[in-house]
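Before any questions on binding or motion, here is one chain by itself as structure tokens, the form predicted alone.
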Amino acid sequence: MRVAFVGKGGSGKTTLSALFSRHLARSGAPVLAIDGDINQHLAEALGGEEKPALPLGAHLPGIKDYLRGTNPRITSPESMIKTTPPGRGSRLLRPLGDDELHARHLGRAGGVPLMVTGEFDESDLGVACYHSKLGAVELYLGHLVDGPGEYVVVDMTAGADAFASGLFTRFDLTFLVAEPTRKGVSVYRQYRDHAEQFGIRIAVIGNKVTCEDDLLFLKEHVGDDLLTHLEQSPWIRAAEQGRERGELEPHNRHALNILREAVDSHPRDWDRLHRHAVEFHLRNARAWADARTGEDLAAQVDPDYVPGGPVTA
């Protein structure tokens, strides 16, 4: 199951991405965390010894070449864009699989398998946007065949910027982290309005709640989309200062259990995932990609491809 964490900058989405990933890993569940935020802090938030891996965004041409496999509809890696959907002959992936892509790009932090998009560095200034790097994550998820009981947790870019690509349609459930402030819930309204157009399921997590008035504020502005909340946490503050001690507070541990129950109760809809993938691919093809590649990229869509099929070696 694929989960995204989104929210206003500073809302705590990276912290909650890390907490939820560690919560799953400690239960014995197979989990992969992906840092898809321009501020690459998920490894630090996960804590512990870090085994770095090659960033996905810096190796996009090689990733394209590997994933296209023998798909005859993709003439070259150069004609493959971030939205190119898999088809017959494409290489499909299993989470944490024994394959070339995971061997290169899978690291570990705080006991959690981790993949990173990579930082926005000096060579990108003035010539690229961060979504060019996020294209690697979009392609990865588009070629991933994951099942029940397997978790992929992605820390996304802040605010409504996540809607600048079709990546927001790649998830089974999107958790929006909101502080009990007007700014905190304004991002929720933006996300809700965009998500409704595509049938994207969102659930709001209140964060940094200090009193009953905070909780009432969230309930007033978020309504039934409020799934649960985390209270202001001395444990989290200590962990952020490198002083992790003891256990997370009972209420906040319970909130993590609620998140997992929400994910597990939402079955995968492969047809919806693939339909969105095709829709956004055709949008990108018409808007810019056909002109840039000199090809009709609508031809990359394989009408006989069955989403969620067996993995290709």
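Owing to the predicted nature of the structure, the values given are computational and were not obtained by experimental measurement. Position 1 is the first residue in the sequence shown; the rest follow in order.
This protein has a second form, the form predicted in complex with a small molecule, left out of what is shown; the following refers to that one.
Undergrad: Please pick out the stretch from 143-151, 93-101, 77-85, 236-244 that is in contact with the small molecule in the predicted complex, where contact means heavy atoms within 4.5 Å.
TA: The contacting stretch here is 236-244.
Undergrad: Using heavy atoms and a 4.5 Å limit, would one call residue 232 a contact residue for the small molecule in the predicted complex?
TA: Answer yes; at least one heavy atom of residue 232 falls within 4.5 Å of the small molecule in the predicted complex.
Undergrad: Using heavy atoms and a 4.5 Å limit, would one call residue 117 a contact residue for the small molecule in the predicted complex?
TA: Result no; residue 117 lies far from the small molecule in the predicted complex.
Undergrad: Using a 4.5 Å heavy atom cut-off, state whether residue 2 contacts the small molecule in the predicted complex.
TA: Looking in the predicted complex, residue contacts with the small molecule do not include residue 2, since no heavy atom lies within 4.5 Å.
Undergrad: Hey, in the predicted complex, is residue 300 touching the small molecule, heavy atoms inside 4.5 Å?
TA: Flag for residue 300 set to no.
Undergrad: Exactly one residue in 221, 73, 105, 208 has a non-hydrogen atom within 4.5 Å of the small molecule in the predicted complex; which is it?
TA: Answer to the contact question: 208.
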